[in-house]
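This document opens with one chain alone, in structure tokens, the form predicted on its own.
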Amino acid sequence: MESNKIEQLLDKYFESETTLQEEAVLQDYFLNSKVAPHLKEYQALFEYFAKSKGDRYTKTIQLNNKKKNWKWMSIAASVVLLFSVYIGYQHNQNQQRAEAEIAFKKSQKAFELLSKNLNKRTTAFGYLGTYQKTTNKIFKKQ
């Protein structure tokens, strides 16, 4: 009967469902020399747990407390940011300059066309002046 109870406790133990009191019952049973033959394989496990309970780690633990030097990282990030802003500004200036040159050339062509048309009209007015002089001579107006 006690063997069945121990087997049930072992099943609960391996499923991590035992309480501290039930684990103490298991430990007492397996540390006792009266262990059922089919449960002898678990005796070594509980003996190991009992022996290792008193073990202590005595070496010092080295913690890696190095702080990263964020000062240099922030300076580098600032330099990269300023450089990218400068490059972006230069690119924008070049683009505006190119657009202004294109607009200047288009307006220059428009003014040339206007100038040609005005020059045609001026020569027509010159002919008109000659026509006026001729008509004045014909009709003898002074």
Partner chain sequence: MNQSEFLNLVMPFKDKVFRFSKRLLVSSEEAEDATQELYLKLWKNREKISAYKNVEAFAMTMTKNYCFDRLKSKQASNLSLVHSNYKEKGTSLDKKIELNDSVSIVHQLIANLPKQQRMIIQLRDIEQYEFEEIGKILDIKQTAVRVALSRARKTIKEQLIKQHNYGIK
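All figures in this text were calculated on a predicted structure; none of them were measured in a lab. Numbering follows the first chain given and starts at 1.
What comes next is about the form predicted together with the partner chain, which is not displayed.
*Distance check, Glu101 to the partner chain in the predicted complex, heavy atom within 4.5 Å*: Taking the distances in the predicted complex, the answer for Glu101 is no, it never comes within 4.5 Å of the partner chain.
*Verify the contact flag for Lys106: yes if a non-hydrogen atom of it lies within 4.5 Å of a non-hydrogen atom of the partner chain in the predicted complex, no if not.*
No - in the predicted complex, heavy atoms of Lys106 and the partner chain never come within 4.5 Å of each other.
*Taking the shortest heavy atom distance, is Thr19 within 4.5 Å of the partner chain in the predicted complex?*
Yes, Thr19 lies within 4.5 Å of the partner chain in the predicted complex.
*May I ask you to state whether Phe83 is within 4.5 Å of the partner chain in the predicted complex, using heavy atom distances?*
No, Phe83 stays farther than 4.5 Å from the partner chain in the predicted complex.
*Report the stretch among 75-83, 90-98, 48-56, 106-114 that approaches the partner chain in the predicted complex to within 4.5 Å, counting heavy atoms only.*
In short, 48-56.
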